[in-house]
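So this first bit is one chain, no partners, the form predicted on its own, shown in structure tokens.
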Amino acid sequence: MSLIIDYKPRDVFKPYHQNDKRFSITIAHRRAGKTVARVNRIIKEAVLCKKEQPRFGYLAPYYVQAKDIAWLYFKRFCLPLIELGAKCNESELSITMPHNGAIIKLYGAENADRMRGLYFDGIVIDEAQDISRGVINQVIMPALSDRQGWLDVSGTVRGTENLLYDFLVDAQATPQDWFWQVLKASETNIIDPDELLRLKKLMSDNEYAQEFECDFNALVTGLVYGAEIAQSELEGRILDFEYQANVAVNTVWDLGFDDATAIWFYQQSGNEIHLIDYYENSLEKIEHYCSIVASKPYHYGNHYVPHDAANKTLQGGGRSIISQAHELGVRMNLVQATTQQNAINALSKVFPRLHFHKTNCKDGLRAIKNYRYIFDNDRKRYKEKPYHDWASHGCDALEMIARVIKQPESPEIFNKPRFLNDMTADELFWGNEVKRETRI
């Protein structure tokens, strides 16, 4: 019995469906149909797969986004299979094929831990520009490894400092492994030319170039620190430099488990604040991050963390993050909460004093360059609230610097005597050690 699925590929996607490469990437203008093409690829692969207990995944930046973008498409194009006995689970966003038990399931990158430890015969990553490299390295690639599963990436341009651009560079460098395509609205003929003219009048040049012409050089709009980071580059404050071995290194943290934990390492020298290092990871316990701090060659001053680090947690056996870290040799200082907009405004004022180590802080700089405000489609303007995504963690941590840095002063040199009348009120209050050179 033949099975007919009501899908006719657009001409621009025929090469995509015909390719036999293990890795594929499509960068397409808005409304090109990249998601529909990928939904149908997964369905076809699931139907034809002859492996034991096949499993396929569709990953979007957020679970709710996966549901909104793709779930209706999956149900629509799987309707003939559902009529033949395929099981559609609304609560799990999964479809199980009737003849071979193949499972298609939707996931969100904000809770990628649900995919950890699973195997997959194929995974689609949609809107890859909004997903962190850590999810790919720690979860997706291991999940594909033992069964040699295929990886399919798609998205819309938003500058060069994100995962989508990284994948395109990899694809162009290794065409023997990758199928790749870049679909511009001016070339696909999918959207009516008159409609494109209307859109071009309504949108800024950068927005149109980014959304419809796949221009990686278009200035990304809506960035929280776009002007500040551009000025830093113009003034040469992003470069490789030697850290000062005899000057205290402080850290600021944004803590998470399912979300990422981000740590900036910095030194203060007079009016300048030198961001000398950056570390970020996810799905790890506090022991991991304390070990990373301990492994660095730095002499530490203070470690600053958000106020909620004092809350007791189930994962910590009823202990707070701050008490767990203390037991591991890292004494943390709490930073009181403030509004997000106050934190952004404070960091903007401090930004001219920041100097970034270009190599060591590469991932942190990438976060800054992708941290953006939410766009209000109804009012056609940006809200004052930024997205909470992979780029927000490094920025949340960095924003604490504005609340904890000292006014310009001589750098604190190690091995000088520390007496009570030399100590600040903060040091006395938080009970910092006098012999700072012996503690993390």
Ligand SMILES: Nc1ncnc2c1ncn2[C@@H]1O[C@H](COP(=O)(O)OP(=O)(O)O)[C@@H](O)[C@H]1O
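Quick caveat, the model's predicted, so the values are computed rather than measured. The first residue of the sequence shown is number 1, and the count goes up from there.
What comes next is about the form predicted in complex with the named molecule, which does not appear here.
Listed stretches are 48 to 56, 367 to 375, 28 to 36, 389 to 397; the contact stretch with the named molecule in the predicted bound form is 28 to 36, by a heavy atom cutoff of 4.5 Å. This chain lacks the partner; the member of K362, R76, K87, K200 within 4.5 angstroms of the named molecule in the predicted bound form by a non-hydrogen atom is R76.
Of the heavy atoms in P15, none are within 4.5 Å of the named molecule in the predicted bound form. Heavy atoms of R22 never reach within 4.5 Å of the named molecule in the predicted bound form, leaving it off the interface.
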